[in-house]
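Next up is one chain by itself, shown in structure tokens, the form predicted alone.
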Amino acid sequence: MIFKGRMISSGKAEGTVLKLDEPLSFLGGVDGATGEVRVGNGGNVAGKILVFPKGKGSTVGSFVMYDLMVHGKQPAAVINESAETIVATGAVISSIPMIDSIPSINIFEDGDRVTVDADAGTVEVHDVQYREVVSSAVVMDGRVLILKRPETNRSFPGKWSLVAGKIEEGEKPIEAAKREIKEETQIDVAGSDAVLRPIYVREGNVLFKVYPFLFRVAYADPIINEENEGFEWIEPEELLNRDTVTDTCTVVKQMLG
């Protein structure tokens, strides 16, 4: 799967991903002589495709990246959601290919095999299946409808989820959302009351591009099909106490404002 970004520092590279979920300060966060990472889950940046949201910290961080190059311990490439001046400068002076403006670092997992073509502004993630899906919060009297997936379910088995499903070929996301709600719950909905930009969720080697929607209903008595084994109407804050599909709580909170 190929994703388009923006070239920050030119060059091409291929390697495996080392991913950090938080912004990185190279000063203090990475040993310039060895490449060892001192934050997060650790690891070593040498020869890796280093993925993190953005940089932070002192401008000395640029020279830590240069020090990595001097010691032959620099990353093969850097991928950010948003380029920050310190890291961008460090990548340029150290001749490290760098791309930003990718949709989300959630596209990647540690160990992914990735090809970076910074000149073209592209990142290719190998050996990953790609699926576009919808996930809809159906809300009645302030409560959210959640569905219990069977333990035998192919994706996120045993988890609680919103009303979700695959977008069929030629189908618009809003059409898929309404269809899935009808198929899985027998609830008819009209226009959506809220919609978010797509988010990315990984489950093993499967990457989901998820289109979130919110539909408010005055009254509904769900009749679930065989895809789920139960349902509940719960207060949004109760989602924190449930074993839900990735980012369910965050999505609902954002849509409810």
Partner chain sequence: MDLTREEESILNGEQGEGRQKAMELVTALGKIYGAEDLIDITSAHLSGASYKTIGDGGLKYLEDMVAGGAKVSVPSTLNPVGMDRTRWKEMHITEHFAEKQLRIIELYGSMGIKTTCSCTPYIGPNVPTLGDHVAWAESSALSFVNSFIGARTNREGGPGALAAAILGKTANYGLHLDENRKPTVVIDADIDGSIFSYSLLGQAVGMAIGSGVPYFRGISPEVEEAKTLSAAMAASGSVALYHAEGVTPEAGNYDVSGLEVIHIGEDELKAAYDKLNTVDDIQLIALGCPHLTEKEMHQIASFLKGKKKVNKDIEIWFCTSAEVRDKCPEDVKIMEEFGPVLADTCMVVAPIEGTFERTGTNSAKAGNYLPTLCSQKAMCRDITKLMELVM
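Residue numbers count along the first chain shown, from 1. From a predicted model like this one, the values you see are computed outputs, not experimental measurements.
Only in words, not in the display: the form predicted in complex with the partner chain, which the text now covers.
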Touches the partner chain in the predicted bound form: R6 (any heavy atom, 4.5 Å): yes
Wondering, does Q186 line up within 4.5 Å of the partner chain in the predicted bound form on heavy atoms? no
Please run the contact check for Y66 against the partner chain in the predicted bound form: heavy atoms, 4.5 angstroms, yes or no? yes
Test of understanding: in the predicted bound form, would T85 fall inside 4.5 Å of the partner chain by heavy atoms? yes
Can you check 168-176, 134-142, 151-159, 77-85 and let me know which stretch has heavy atoms within 4.5 Å of the partner chain in the predicted bound form? 77-85
Complete contact of T115, A120 and V125 with the partner chain in the predicted bound form (any heavy atom, 4.5 Å): no
Among the candidates V39, V217, A194, V70, the residue which, in the predicted bound form, approaches the partner chain to within 4.5 Å (heavy atoms): V70
Neighbours of the partner chain in the predicted bound form among 84-101 [non-hydrogen atom within 4.5 angstroms]: E84, T85, A88, T89, V92, I93, S95
